[in-house]
Each structure stands twice: as C-alpha cells, then as structure tokens.
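So this first bit is one chain, no partners, the form predicted on its own, shown in structure tokens.
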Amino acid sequence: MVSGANQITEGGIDARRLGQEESGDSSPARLASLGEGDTVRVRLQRFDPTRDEAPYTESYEVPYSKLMRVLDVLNYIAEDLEEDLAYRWYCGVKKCGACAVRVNGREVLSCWEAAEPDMVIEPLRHAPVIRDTVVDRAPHEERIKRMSPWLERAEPYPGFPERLSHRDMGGVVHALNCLSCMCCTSACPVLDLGADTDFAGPAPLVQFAQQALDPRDAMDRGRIALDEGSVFDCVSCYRCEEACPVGIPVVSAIIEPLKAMAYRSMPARAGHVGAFLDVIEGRGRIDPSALVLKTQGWGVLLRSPGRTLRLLVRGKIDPLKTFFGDAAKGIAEVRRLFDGTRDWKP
C-alpha cells in the first residue's frame, strides 16, 4: 500500500485513515484514478510580498507520470513550465519534514503524498508566508527556544555509552520521531483563535516533550508547559494526530502527559482539571453540574438564566443528581486508584 504516513494498524486497518477506503480517498484509490499521460489539474496559491498585495491562485496542467508525488508536480511547474515558484524540500524521502504543504485541505509531506487528478496546493497555516508555499519557521523555532530545549540532568553524565532501556525511554520515544514539519500546528483549530490564545501549538510541545518526558531531566517542565506552552488551551480534538505524517500520538502520548505534569507542578493554575478530578474522585462519574459549580460558581448560573435554562432543557446539567444522587457503584475502587496515583511521577 502506498501511503503518506506510517501505518498505525488496528486489525490490519490504518486507524488514522478510517473512512478513506469507503470514500475513495485512500492513496491507492488516488493513484488508480490517474494513468500515464493523464492531466493533473493544479490550483496553486502564489504570493510574493515584494509585488503582491494578497495571495492569489494560479492554475496549471501537469502530465501525470507513474507514481507521481505532489513534489514531482511542483518540480514540473518550476522546471518544465519555468515558473519562478518558491517551495521547500531537502531529503525527498520523508526524513526532514521541510516539504510540508496543504493539499486539498490536508497537511501532507509533498515528497510522500500521491498526486491527485485535481489539487489545491497551499502553504501551511498558522505561520507567516514568505513566498508561495514557503512559510517562515522563525516564530515556531523561537517558541521552542523559549521552552528551554535542553536536557538538565538529575545525575551527572555517566559517559559514553550511556545505557538506556526501552522502559526508561518509553515516555519520550514518540516525541523523538518528530520531523518538525509543522503539519500538526497547521491543522490545530485552537490556533485559529489567534490572539485569543497563547497556546504554543502541538509542534513546539512535541519538541519540548523530548526533554520534558526524558527520565534524566530534572527541570520543572510543568511550569514551562504552562508559562510558555499554555498546554491547557489544548482541547484534545486529535486533529494534530490525524495530520502527523509519521503517526505520532500527539495528544495521547505527549500533550496529555504534559498536562498531568503541569497540574502536578502548579495545581492552582489548572482549576478546571482539579475540579474535574475532584468530581470523579467524589462521585465516580462525570457530573457536569458539579463541574460548572466548581469552576465557575453560582454567579455564572444566576447571571445567565437563559443559558442555564437551555442547559437544563438539553440535559447538560442535572441539579437533582448533583445534590441528591448517590456515588457510582465501585466508588471505593475509584478512590483507591486516586490514592495510589497521588505520588506518581512519569
């Protein structure tokens, strides 16, 4: 199977590509839709800040050749059509991450993604465009620099070779696979909020996790994840995981552990998380009414009676269960789990 990502299989199916076979959107289906000499129709976003006031779209027709990639299409436009096109790539074999672009609304590596009969090619989002499909990586790299991207050892360096087991490095191994392509940051909907959030975005947090989740590190990474990463602004939508070309479980294996680290370091800065945990420990179940009261207080409900009524009508909150409902069955086991993890460290 030709694929633009490492396979994460679930019963033999790529779990991140569920639905693509049914919709005819898989890589084999796209390859099968084109034959030698067919025409690939491309709408390419162009922008040169020295002459253009705003980005615009230019159309091209490219003859298809066997196993043609998006990068091959860009090469044809630049070389055979002699267009003065700016695009970035180095290795061409999914190792450097430099060639990331958006194709038909998806973040991909152009060196690894199969060409399609009709393509809209754009630069990545949430990064300044230097020219055409080339984005400025400086803000991304500056954000990483602010997050202390070096190892501060708990013990002196023992010398080479340093023995590290799979068990030791199990928490950080996914982060070390990062290509720094910024596909995940481009896909992140939280960053659509612009100045309304100071969220670093998934890409800097993955780079940060290479030190934060390393068992040899002794720095207070939880504080950095909050102060420089605003890690709790992540809404766990999993768009970053879907976009990652190498299949890194960004939310589940990186951002959620960073949230846990931040909560242990500065629980007062994580009111919503603390309230959620208190409700689960106390009741053994999610109680939206109790969560609202703990995080926002009675004042919000009283000041917004219309909103409160809508929540009641839709069953989003249930005061009767909050004030008179019993704890869930097995609450003793739930509380035992909480007691057993209070001193846990990654």
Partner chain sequence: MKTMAEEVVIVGGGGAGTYAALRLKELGYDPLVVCKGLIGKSGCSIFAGNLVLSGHMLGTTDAQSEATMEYFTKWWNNFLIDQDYLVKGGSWIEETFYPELDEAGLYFRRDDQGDIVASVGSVRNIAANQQGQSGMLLMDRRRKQFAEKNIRSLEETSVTALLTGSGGEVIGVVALHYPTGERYAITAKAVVLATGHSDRLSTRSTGTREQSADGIALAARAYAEMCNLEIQWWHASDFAYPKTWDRMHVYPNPLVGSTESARMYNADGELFFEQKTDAPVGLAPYATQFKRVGEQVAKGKARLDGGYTTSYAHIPPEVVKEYNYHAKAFEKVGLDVGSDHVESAVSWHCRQGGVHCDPHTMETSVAGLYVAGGIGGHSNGGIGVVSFDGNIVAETIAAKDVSAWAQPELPADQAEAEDGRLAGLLRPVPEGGVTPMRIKNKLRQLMWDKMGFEKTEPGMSEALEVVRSLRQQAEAGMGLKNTTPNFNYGWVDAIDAFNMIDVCELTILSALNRKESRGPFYRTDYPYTDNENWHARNILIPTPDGGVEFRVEPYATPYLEPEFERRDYFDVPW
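This one's a predicted model, so the numbers in the text were calculated from it and none came from an experiment. Positions refer to the first chain, counted from 1.
The discussion below concerns the form predicted in complex with the partner chain, not included here.
The closest non-hydrogen atom of R143 lies beyond 4.5 Å of the partner chain in the model of the complex. In the model of the complex, the partner chain stays beyond 4.5 Å of every heavy atom belonging to S265. In the model of the complex, the partner chain stays beyond 4.5 Å of every heavy atom belonging to D217.
In the model of the complex, the partner chain sits beyond 4.5 Å of every heavy atom of A32. Site residues D38, I121 and M147 are none of them in contact with the partner chain in the model of the complex, judged by any heavy atom within 4.5 Å.
Out of the listed residues A127, L226, L213, L71, L71 is the one that sits within 4.5 Å of the partner chain in the model of the complex by at least one heavy atom. Along 154-177, a non-hydrogen atom within 4.5 Å of the partner chain in the model of the complex is carried by Y157, G159, F160, P161, E162, R163, L164, S165, H166, R167, M169, V173, L176, N177, in order along the sequence.
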